[in-house]
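What follows is one chain in structure tokens, specifically the form predicted alone.
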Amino acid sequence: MKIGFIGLGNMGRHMARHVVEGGHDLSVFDLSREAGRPLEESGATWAASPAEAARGADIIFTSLPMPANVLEVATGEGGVLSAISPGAVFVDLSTIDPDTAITLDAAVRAAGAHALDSPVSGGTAGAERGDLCLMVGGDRDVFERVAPVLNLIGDAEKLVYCGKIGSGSICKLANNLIGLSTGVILSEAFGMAMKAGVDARTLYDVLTASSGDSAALRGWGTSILKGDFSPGFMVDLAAKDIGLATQLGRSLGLPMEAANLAQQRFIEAQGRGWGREATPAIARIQEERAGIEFRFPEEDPPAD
């Protein structure tokens, strides 16, 4: 297939690489010209604009930071829809709100093409390995048509058809709300236990062997408990995602008390200048309050 891929950030560059390694004719675009060079070395072609990436493509992927970025790339001057082929499939891999997914779908349909919202979960490590979970909303027959390409990006066992357009985005917001809010609770739990005299390794071993275990906790084992806040899924994006979830809750007339508290913690971390650090950086706020660093003992580092 001829495929266009727009957005080559921490997630997109890995997903695009799997597509080109799958033997497809890939055209890529990003605001950073340098982001495309490794993909060109793997056989991709650089496009000068989103429209050029989309021209003649069977599938166009976008992986972008914000809902507004998705709509701009799709409908703006030099955007995807100015060059999309009739019958092509526009697959948005970004985390957006369902209203934006519905708006995008209407614009794509008006251009004679098809749209799927397909946010992903699994972080940069999952993107690099190619075993992401993909949550897909849109027409089922369109989903089945592009599933072989989606399986290059994610694990086939984690490719989930969620329902009508926007359903993938709803599932992704629910997923991220749970995972990111868990990080806030983890920081409070570690602060409490360590302040009371239990070391981080002991608590981690107990939690991973009991009902307190979670993917968020195991993420801590390779990040904050090692003192590693290097870029992964950034605080800025986490704050955006929780904000989209609380926005959806308000639109439904649902109170979101715990989500609002979690959102405030990420906003505070942004105010500290940690927006581009990995999400476990929010724990540093609770570290300050407890007067303790949440780290494994140096003589007992965690296994990778």
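Just so we're clear, the structure is a prediction, and the values are computed from it rather than from any experiment. Residue positions are given as counts along the sequence shown, with the first one as 1.
The following text describes the form predicted together with ligand NAD, which does not appear among the structures shown.
is_contact(S27, ligand NAD) in the predicted bound form, heavy atom dist at most 4.5 Å
No, no contact at 4.5 Å.
In the predicted bound form, does T124 have a heavy atom within 4.5 Å of ligand NAD?
Heavy-atom contact with ligand NAD at 4.5 Å: present for T124.
Would Y204 count as touching ligand NAD in the predicted bound form under a 4.5 Å heavy atom rule?
No, Y204 sits far enough from ligand NAD in the predicted bound form that none of its heavy atoms falls within 4.5 Å.
Does at least one non-hydrogen atom of S32 fall within 4.5 angstroms of ligand NAD in the predicted bound form?
So S32 counts as contacting ligand NAD.
Pick from 240 to 248, 37 to 45, 261 to 269, 51 to 59: which stretch has non-hydrogen atoms within 4.5 Å of ligand NAD in the predicted bound form?
Going through the listed ranges, the match is 240 to 248.
In the predicted bound form, the residue from M234, C171, A193, L81 that sits within 4.5 Å of ligand NAD by heavy atoms:
Exactly one residue meets the criterion: M234.
Among the candidate residues I153, V89, V120, L180, which is the single one with a non-hydrogen atom no more than 4.5 Å from ligand NAD in the predicted bound form?
Looking at the other structure, the residue within range turns out to be V120.
Go through 1 to 21 residue by residue and record those having a heavy atom within 4.5 Å of ligand NAD in the predicted bound form; state none if no residue qualifies.
Those in contact are I6, G7, L8, G9, N10, M11, G12.
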